[in-house]
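Heads up, the chain below is alone and in the form predicted on its own; it's given as structure tokens.
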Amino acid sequence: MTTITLFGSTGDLSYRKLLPALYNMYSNSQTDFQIIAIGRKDYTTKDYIQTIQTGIQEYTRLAFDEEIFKKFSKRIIYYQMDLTNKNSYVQFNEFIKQQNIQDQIFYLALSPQFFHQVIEGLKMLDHIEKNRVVIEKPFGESTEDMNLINQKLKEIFEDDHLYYIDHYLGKEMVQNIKTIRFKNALFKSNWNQDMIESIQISALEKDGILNRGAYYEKSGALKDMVQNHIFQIVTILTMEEQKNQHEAQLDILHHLHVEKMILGQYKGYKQEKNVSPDSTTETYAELECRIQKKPWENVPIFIRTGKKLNRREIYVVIKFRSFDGSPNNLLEIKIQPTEGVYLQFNIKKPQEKNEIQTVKMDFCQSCLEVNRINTPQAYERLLKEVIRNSHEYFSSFEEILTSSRLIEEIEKPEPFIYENQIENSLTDWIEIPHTLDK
């Protein structure tokens, strides 16, 4: 049986994402595992299970079942541990031997400030090199720090035992981009600068930073969203079709260049907990990028992401060229919260001579109950991949490092102050009205 050892088991990520995902996996009886939940808080296993039940009830994809949860909870052991104390790892090693644990996945759902100490602690465990480790973003506090963390990990683990997780790569419609691009002749032959006028990627959030002020002050919107999640979407949208997807994505990142940028900060951010009253941290970022190689040299890629905006939505719009002044064809890939595909094209308006009207096909995948039930959440898909020893949905370290360098080299302008809506903009953003997802 696989043991998932969860460092940071009392944190927000575990509460809202990881434990509900593991509960869903157990409910579907798809994998066999147990959980060691490691935390600093003075909990018993019973205390911990009572604490996580609320989060699982709220965030599970499947209907919560009391009996299933009772069985699931029997697979959980809470282990109190001081991650900064080396002696704690000696004691933990004894605990592992007592439990006769052989196949172990270490999941570091931690702030990067703890990575170095935990990695040094892992070196003290018997037969550690046979196990796997999952690193949660941010993968370090800087490019230099990421390099050092990766070097330390490689002293213990082989490359195929290291997993750098970006949960956007587990999202259903992000994975669907490849199918839409490469399995439809309609798009495959027209996916280039001759036929595409622009690409727009939006990742919008209604909430503020919630209680993550200390983290957000170090990251901002650029490192939190653009460097990881959105650049991954850019590479999947523009990479060449080849067997080694990581090499194809890395090639795009090597040729990606930021042409223009504006930054914003939502009104009231400086009053958030653990935020400096003089903070210049951006909570909104809008970029115009170019890929400086064929077939994308003349196609602007517009990116925007931010918090405290007027809606929560992630989507991509491909704007095809208009050659005779007729309305542009549009393809929208809806990623979150609605999953689906929208296509806008032109026909002749009935009973009117030579007058064109736009019509649409709007497929809402997540509107169908059977799809909602059968589509795993991002963390479910990724955790299953780790258990199966697969790297298909994970970033390579080279991709992470290249993205980080790209962001660190940008000269950041002073952020403007905004409230709910953004008035400053680099482009006219395409806002497509939908009917099926209302």
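Because the structure is a prediction, the values reported are computed rather than measured. Numbering starts at 1 and runs along the sequence shown.
Only in words, not in the display: the form predicted together with a small molecule, which the text now covers.
Asker: Taking a heavy atom within 4.5 Å as contact, would all three of 181, 201 and 288 count as contacting the small molecule in the predicted complex?
Answerer: Answer is no for this spot.
Asker: Just one of 343 to 351, 165 to 173, 256 to 264, 71 to 79 has heavy atoms within 4.5 Å of the small molecule in the predicted complex; which?
Answerer: After filtering at 4.5 Å, what remains is 165 to 173.
Asker: Which residue among 97, 312, 360, 127 has a heavy atom within 4.5 angstroms of the small molecule in the predicted complex?
Answerer: Exactly one residue meets the criterion: 312.
Asker: Among 110, 234, 118, 225, which has at least one heavy atom within 4.5 Å of the small molecule in the predicted complex?
Answerer: Spelling it out, the residue with a heavy atom inside the cut-off is 225.
Asker: Might residue 143 be said to contact the small molecule in the predicted complex, defining contact as any heavy atom within 4.5 Å?
Answerer: Outside the cut-off, so no.
Asker: Quick one: is residue 212 in contact with the small molecule in the predicted complex, heavy atoms, 4.5 Å cut-off?
Answerer: Yes, contact at 4.5 Å.
Asker: Just checking whether residue 319 would be counted as a contact of the small molecule in the predicted complex - the rule being heavy atoms within 4.5 angstroms.
Answerer: Outside the cut-off, so no.
Asker: Would residue 307 count as touching the small molecule in the predicted complex under a 4.5 Å heavy atom rule?
Answerer: Heavy-atom contact with the small molecule at 4.5 Å: present for residue 307.
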